[in-house]
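Before any questions on how it binds or moves, here is one chain, the form predicted alone, in structure tokens.
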Amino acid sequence: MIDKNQNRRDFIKNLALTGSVAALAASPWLSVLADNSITKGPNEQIQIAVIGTGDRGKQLIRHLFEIPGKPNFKLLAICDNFQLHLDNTLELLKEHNCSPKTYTNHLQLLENEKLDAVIIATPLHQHAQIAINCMQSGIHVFCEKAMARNLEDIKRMYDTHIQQNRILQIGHQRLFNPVYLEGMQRIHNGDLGTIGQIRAYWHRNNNWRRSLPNNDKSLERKINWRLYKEYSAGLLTELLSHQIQVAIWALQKTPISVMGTGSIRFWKDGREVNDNIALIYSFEDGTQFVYDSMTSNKKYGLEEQIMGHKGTIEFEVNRQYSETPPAAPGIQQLINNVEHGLFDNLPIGGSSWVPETASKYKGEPIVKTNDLGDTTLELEAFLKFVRAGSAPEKITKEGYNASIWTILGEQAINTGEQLHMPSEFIL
């Protein structure tokens, strides 16, 4: 049986060893993933706590226990202010023979436990204070994206990371995805030529609501926090934050402005965040990042399309397309020509006008497999960073810039203005 985790590590090791200097400079965290040894000092356990044990927190815990090689860590404690979440997580952990201590307040957790690292998966508006408290207590932090609910808190988190010299890794798992790592190396090597536009979208068709335990209305904001502006920017902080990070990574620069629009078009159910948004981010060299997201139609799903004059990469479907695709084999070309001659209609306006429909060329895979486990890889990297006591600064900046421009996108929608980053938030 093929060890898929081993295949992923072998791929990344090969990428790190054979990648160009430019690619490794753009993804310096590759070196830690290229090292197959998860432990340094095998008798020294990494003491971890997870703060926030809702759906995402439980998912991260599952991935922790899927890291290959039996990394030497102990899940010492879990923390959540909702008892049902704690109970469900304890039930999940039984299959791993793990019985962590439980807390309902992160300050009590920090006071009572000696920790090396925490994983934060609480609602967005709670990220900043928890992360800052942890770093000030000497603890390394993995925090889900986006970083925080406003620009000031994002900057406070980053400044604390610098002042306390603690790791602050933000949960952008695409940074560890072999498709993205290989694709970014090709982009940075110039395989696509001059990038003229990046287009991305994330479309769903559901109301984004979660059912309330026992239909208890008092839990509405606790359970459905993503729908209320006090706690979340909705589609921006939950979805766009991933894809603006991809655009910034691909271009190796941050935008200079953003403008956008949005509305509650379909789900008129008391929510406060928009159910559809559209934004344009502009970069200094003239490249545009065009983005849209909605929750009432899922036909197009999600994608990031990096478009240069030599070709296109679509990361989510693991495809690269050349602007000059190879010709079909001779017999197939003959069949195509015969079919076109027999069945094609004359275009409206005569033969001088030909509609520029999308190319039907199916492209080539970026890597051979889509079974990638990028969340497991990012947590594996986090444990290795914790053992080393530091992480590449660029990985923190990726999370920072994506978070800042996500919130600026929200502000552009709210104000109807084209916005630039205030100077105090430029790193």
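Keep in mind the model is a prediction, meaning the values are calculated, not measured. For every residue, the number given is its place in the sequence shown, counted from 1.
There is also a form predicted together with a small molecule; it is not shown, and the following applies to it.
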Review point. Just one of Lys145, Lys229, Arg199, Arg186 has a heavy atom within 4.5 angstroms of the small molecule in the predicted complex, so which one?
Key: Lys145
Review point. Between the options Pro100, Gly308, Pro71, Pro123, which residue brings a heavy atom to within 4.5 Å of the small molecule in the predicted complex?
Key: Pro123
**Study point:** Lys397: touches the small molecule in the predicted complex, heavy atom cutoff 4.5 angstroms
**Key:** no
Review point. Might Cys79 be said to contact the small molecule in the predicted complex, defining contact as any heavy atom within 4.5 Å?
Key: yes
Review point. Would Glu44 show up as a contact with the small molecule in the predicted complex if we use heavy atoms at 4.5 Å?
Key: no
Review point. Wondering, does Gly363 line up within 4.5 Å of the small molecule in the predicted complex on heavy atoms?
Key: no
Exercise for review: Select, from the options 131-139, 259-267, 220-228, 309-317, the stretch whose residues sit within 4.5 angstroms of the small molecule in the predicted complex by heavy atom distance.
Suggested key: 220-228
Check your understanding: Even though the small molecule is not shown here, does it sit in the predicted complex so that Lys13, Glu182 and Gly373 each have a heavy atom within 4.5 Å?
Key -> no
